[in-house]
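Have a look below at one chain only, the form predicted on its own, in structure tokens format.
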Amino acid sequence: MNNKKIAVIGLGYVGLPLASLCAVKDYQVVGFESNQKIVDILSCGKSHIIDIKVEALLSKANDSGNFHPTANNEKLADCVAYLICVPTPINSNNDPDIKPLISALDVIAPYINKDDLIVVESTVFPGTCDDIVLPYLEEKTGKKVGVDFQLAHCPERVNPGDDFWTTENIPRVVGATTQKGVKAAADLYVSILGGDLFDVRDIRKSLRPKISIADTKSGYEISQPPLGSVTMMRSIRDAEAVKAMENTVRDVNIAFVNELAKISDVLNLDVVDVIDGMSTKPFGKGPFFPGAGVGGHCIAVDPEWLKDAAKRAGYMPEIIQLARNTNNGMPEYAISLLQDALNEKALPIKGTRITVLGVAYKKNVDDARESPFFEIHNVLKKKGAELSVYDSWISKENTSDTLEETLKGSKAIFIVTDHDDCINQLKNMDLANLGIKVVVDGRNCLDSESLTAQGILYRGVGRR
């Protein structure tokens, strides 16, 4: 790449750290973001994303002088690579919504020149780049892919809240419409990540080296690809399928342990103890844990993209649909646990003050997309509950400024998100003295015995 000016389209939780990393690696980076408020924040040297790793990386990018956030698409002129990191949500019918992706293509199309590289990082269903992006760009630009420009896909793998796996070291896969394109994209990502380059066929030949990393959750060492490595896929469709399928695997497995939780309830088992026992087997498991719902922009969305692609090809993936139905039904199921527990304490849902803890879709992140909180909140409201809400990472829905103040007058606690700081604070409180009668632990994060000793009725998802 003779001219080292590249563009990152979309400065959200995927695009911002990627743009920052590119700047740190001495690329001149134009970060395009349509939201002017976000651009203003970034232009002041601050991050609109609450994440220590992202903030530290952005600080380095700002120090380099190479990062230039803008809402002016004219600044994209003369870039030689365009990395598209816009959201790819699903609509109210769970159908993939490609409008943000099309809008991003409209933004870059006027500036695509000879030998430029376009990389879609946004999650898409297999066939999107070949069947939608490629013809759209060719029509808009009058140029031919593989001749005038290269089109590649490198699915993002950001894991918000993870202290170890970050944009700087997560192994990546790339695919493209041509061999020249996949090599160009792979070389770009190798230059950014600093890892080794592999061919996907090396995995099957067992030629790919591994590293061992201590897994703090299981206590075992696990084998991982080398940090920051890049693997070339044999087609752009395969690269698209990697992201959709890896998160669909997670979704199906979470659905399965949620099913185990329901079985544990009827068989009077403690599913967390059972899973802990299962985890002593050092291979062939997750572990995965049940909960009050599956949220976030990956697991709750990506299976719908894969399902849509399969349906387009004439096959209805029943297991994926079953997994989605199961996980989508967990908020209602967790509410039924609350209702049964309140009944045991002779308390109705209607008129009872209940504190809902957590708005974010997972702990230690400030992201509420697809969070089960919203369905839980709406259903409890319809049932007549008086609700208090507290999230230590997202304050928008909070009804009070502190956890203790939020709990005043409540008879029950419903845990949706187990932020470390909030749960640690909760563990040190005398909940019985505050008048709490019931705790429904939607993340199975509390010690049931200590709460029972206080005279509090505890219900987890699939545990006693």
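No experiment lies behind these values; they were computed from the predicted model shown. Start at 1 and count along the sequence shown; that's the residue number.
Note that the form predicted in complex with a small molecule isn't included here; everything after this is about it.
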Would you check, heavy atoms only and a 4.5 Å threshold, whether E304 touches the small molecule in the predicted bound form? no
Heavy atom to heavy atom, is G10 within 4.5 Å of the small molecule in the predicted bound form? yes
Does H297 reach the small molecule in the predicted bound form if we count a contact as any heavy atom within 4.5 Å? yes
I'd like to know if D51 sits close to the small molecule in the predicted bound form, meaning any non-hydrogen atom pair within 4.5 angstroms. no
Looking at T177, S264, T88, N327, which has any heavy atom no more than 4.5 Å from the small molecule in the predicted bound form? T88
Among A104, V230, L337, V359, just one has a heavy atom within 4.5 Å of the small molecule in the predicted bound form, namely A104
Can you tell me which of 152 to 160, 255 to 263, 274 to 282, 137 to 145 lies within 4.5 Å of the small molecule in the predicted bound form, counting heavy atoms only? 152 to 160
